[in-house]
Ligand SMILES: NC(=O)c1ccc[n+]([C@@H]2O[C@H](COP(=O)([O-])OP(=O)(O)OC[C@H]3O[C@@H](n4cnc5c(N)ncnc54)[C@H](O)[C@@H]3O)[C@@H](O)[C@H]2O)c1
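One chain follows as structure tokens, the form predicted on its own.
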């Protein structure tokens, strides 16, 4: 039984704590948050020790650590956890500044092989199945990848202010998914819009974007993001190749559809919340992290995957500002 400490008891930290508590292969050993009331609430919910002291969180009795704190704290916490001899699952992104990411990599050296990145969508059953079938050659050589990700509603303005922007916060999952399918990416081109939220515009961010990427083999990927979607949490993916296509559609609360005079095959809204859509992915991600902790070996996705996704996000931002495609090696 792997004993896991969760660092950070905000929304995503609670998701991870629930996953660990539900696992038959792991034990939630303790939880940490600098805000006492928050740490206590999550600790008492799961009947485990809670603390506002990082050193206490990393004390004896812990085999592995999940870093689910605000992005600005990731480098410090994952470094301390790795140097204490623990494996780490770190939420994305590693940091908003690529220079800090590179400095962290140089500091840790081969110890970065103890760090798994929280790109949970790689573990989504539908997306993972498509990836396996593409790799098996079912559609022949991959030529085009389409990824659509739209949120039901914009995030709070206080979140936007510290998020790092749409590319580094929201699209970074999709940029990693593009690499998951295409492999090395050599070019990024981005366009953005402000059609949803005046608060997001005032914060200097965009609320919609379309980004195209070119893989080293000439494959193309198109990613569409929006901070608003009237019909729920829009999460779709299509892989197209010389012999056909594989697609994952939106998921709904039930499979019931109405057909009549006014509509044919009318279904309810897509699932409204990321946790409703991706709970199985978080559970599968945790399972892979537990296996990595038990058996050793380099994680996938790993630290370098996190770095590469940030490189692509930075390139998208540069392309948005300059209006030209940006060459990369990621």
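Bear in mind the structure is a predicted one, so any value in this text is a computation, not a measurement. Residue numbers count along the first chain shown, from 1.
There is also a form predicted together with the named molecule; it is not shown, and the following applies to it.
- Comment: 91-99 is the region of 91-99, 174-182, 143-151, 122-130 lying near the named molecule in the predicted complex, near meaning a non-hydrogen atom within 4.5 Å.
- Of the listed positions (219, 225, 87, 71), a single one reaches within 4.5 angstroms of the named molecule by any non-hydrogen atom in the predicted complex, namely 71.
- Using a 4.5 Å cutoff between non-hydrogen atoms, residue 308 does not count as a contact of the named molecule in the predicted complex.
- Mapping the unseen interface onto this chain, residue 38 counts among the residues with a heavy atom inside 4.5 Å of the named molecule in the predicted complex.
- The named molecule in the predicted complex is not approached by residue 302, whose heavy atoms all lie more than 4.5 angstroms from it.
- Not displayed here, the named molecule is approached by residue 118 to within 4.5 Å at the level of heavy atoms in the predicted complex.
- Contacts between stretch 25-40 and the named molecule, counted in the predicted complex as any heavy atom lying within 4.5 Å, involve 32, 33, 34, 35, 38, listed in sequence order.
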